[in-house]
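First, one chain by itself in structure tokens, the form predicted alone.
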Amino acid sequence: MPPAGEAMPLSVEGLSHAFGARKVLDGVGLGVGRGDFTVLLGLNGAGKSTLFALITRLYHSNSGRIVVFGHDIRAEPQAALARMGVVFQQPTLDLDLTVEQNLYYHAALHGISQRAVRARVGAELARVNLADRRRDKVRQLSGGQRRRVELARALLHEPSLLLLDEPTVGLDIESRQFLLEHVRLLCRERGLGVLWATHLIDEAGAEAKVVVLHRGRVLAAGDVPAILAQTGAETLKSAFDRLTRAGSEAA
């Protein structure tokens, strides 16, 4: 767990981005605290993947600020990126390598020693119940198992911030539930700050922090009771429907 006096895992302030004349993000601000399971909730096209691309430096932001544990992503990209693990929406494993070869390659990119990587690969694969598949090629795994490998890989360099972009898309109910429970456990046990992007409202449990993103703008942010109070709704689904309807009418 990060030291008590350390800066928060993620702070985004006034972030805007456009592709040509089309503005995709408009003054977005949000924060992820230590141990927080923060759900970035938005419909397809809300701007979630663009936000992730900016945080991970796949795109460069021209306005606003992204800070990871006190490191401005524009001024100190290496220090910021070293503190985060990422599971992207699109699969990124090499299907023709084995499970452990994919992990060893990631470890080499992060400069992890051979002695340390052997222990970490074994530990992370055991946590996602795939220790017995470590020498299988990735193409032999199911979709849910591949996602678990991606999660193990993202944690291999021991990040303190974890970003997951629509990680359960296309997964069966059991695989989806495993990922949710595993990541929530990481928040509780490791104090990991998590930003979990999804369009599925039921993935935001009662204890989650929620950021509602719609058409590139943050419409609400806080814990579930606060969002219900803000909207006068009885359920998060009703609150989300009211917020996005009002956001569409105002656009």
Partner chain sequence: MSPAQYALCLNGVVRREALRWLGQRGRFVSALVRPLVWLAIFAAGFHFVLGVSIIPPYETYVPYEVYIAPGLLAMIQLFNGMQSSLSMVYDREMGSMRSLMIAPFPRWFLLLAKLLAGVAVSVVQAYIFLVIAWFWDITPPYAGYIFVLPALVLGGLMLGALGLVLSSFIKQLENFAGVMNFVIFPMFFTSSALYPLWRVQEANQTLYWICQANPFTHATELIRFALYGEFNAVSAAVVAGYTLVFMALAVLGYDPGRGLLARRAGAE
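Please read all numbers here as calculations on a predicted model, not as lab measurements. Positions refer to the first chain, counted from 1.
Omitted here: the form predicted in complex with its partner chain. The next part is about that form.
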- Output flag, P167, G205 and L219 jointly within 4.5 Å of its partner chain in the predicted complex, heavy atom basis: no
- Contact between L200 and its partner chain in the predicted complex at 4.5 Å, heavy atoms? no
- Query: Does A126 reach its partner chain in the predicted complex, with heavy atoms at most 4.5 Å apart?
  - Reply: no
- Message: At 4.5 Å between heavy atoms, is D72 in contact with its partner chain in the predicted complex?
- Response: no
- Message: With a cut-off of 4.5 Å between heavy atoms, is A131 one of the residues that contacts its partner chain in the predicted complex?
- Response: no
- Position in contact with its partner chain when the complex is considered in the predicted complex, options D136, D94, E158, D172, heavy atoms within 4.5 Å: D94
- Message: Within 4.5 Å, heavy atoms only, one stretch in 181-189, 211-219, 57-65, 39-47 touches its partner chain in the predicted complex. Which?
- Response: 57-65
- Message: Suppose contact means any heavy atom within 4.5 Å; which members of 64-93 contact its partner chain in the predicted complex?
- Response: Q78, L81, A82, V86, F88, Q90, P91, T92
